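To begin, one chain is listed below as structure tokens, in the form predicted alone.
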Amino acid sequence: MSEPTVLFARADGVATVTLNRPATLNSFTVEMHAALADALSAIASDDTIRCTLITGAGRGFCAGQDLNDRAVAPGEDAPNIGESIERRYNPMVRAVRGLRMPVICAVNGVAAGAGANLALACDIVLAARSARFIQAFCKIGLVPDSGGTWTLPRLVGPARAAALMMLGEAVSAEQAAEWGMIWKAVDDDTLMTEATALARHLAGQPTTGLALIKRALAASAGNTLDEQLDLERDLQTLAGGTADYAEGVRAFLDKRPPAFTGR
């Protein structure tokens, strides 16, 4: 029996998804895409999961596409990479972005190509100090995918995004944090401890309210100020009707810690 390409565990309201092809720096194959899609689908349909943590096994987070899975021999027709994007990478990013709960990424090593953009699709990214983010597509004549051309300019600005995508230079975890690409860089030996603690903390928060925050942030890039003000009004109406809002106010008045349920 071969090792599963994606490990999936649930505990304390947290789903932990681990990319598990460490010998290839967790690069994507058709099989790993399918396993990750199954894990994300299971998370989306499980109301007991209130936070998701994505990481990689071994010394890397994800090196992007496994090129052995897409090799072109002399004289052969080129593969239809657009079909691969449509069938696998785009659904992956949409599934991650569409999760109703906070999604944390713990980048434990190199995050290159689609691996970098998978990480940046998450809500909060922590990276080990040894981690590197590389928009490696230009090195083989490709265009950044997995949402990279949408996400990266919004995180670091168009000038830096263009240079990173056209030069393919590595960005250290500390530089990524300084530029606002990620939340923060942490020591390698504390990455998973900090990421797991953060996931458990978020799982105990008013997660319906956090889901509404995600909706507001996602809409803000395309909205005018007036449209965003109206959306904030509508989302606040929903948040104000939750049991967690009532519990938060009672706990504040009672001077005790709140017991949120995500409802």
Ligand code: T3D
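Sequential numbering from 1, following the sequence displayed. Worth saying up front: this structure is predicted, and the values here are computed from it rather than measured.
Omitted here: the form predicted in complex with the ligand. The next part is about that form.
- This chain appears without its partner; in the predicted bound form, the one residue of 110, 121, 101, 173 with a heavy atom within 4.5 Å of the ligand is 110.
- Only one of 68, 224, 45, 48 lies close to the ligand in the predicted bound form, with a heavy atom inside 4.5 Å, and it is 68.
- Comparing 183-191, 152-160, 81-89, 122-130 against the ligand in the predicted bound form, the single stretch with non-hydrogen atoms within 4.5 angstroms of it is 81-89.
- Proximity of residue 25 to the ligand in the predicted bound form: non-hydrogen atoms within 4.5 Å are present.
- Looking at residue 64, you'd find a heavy atom of it within 4.5 angstroms of the ligand in the predicted bound form.
- Contact between residue 59 and the ligand in the predicted bound form is found at the 4.5 Å heavy atom cutoff.
- Contact between residue 164 and the ligand in the predicted bound form is not found at the 4.5 Å heavy atom cutoff.
- The partner is not shown here, and in the predicted bound form the stretch 169-204 never reaches within 4.5 angstroms of the ligand through any heavy atom.
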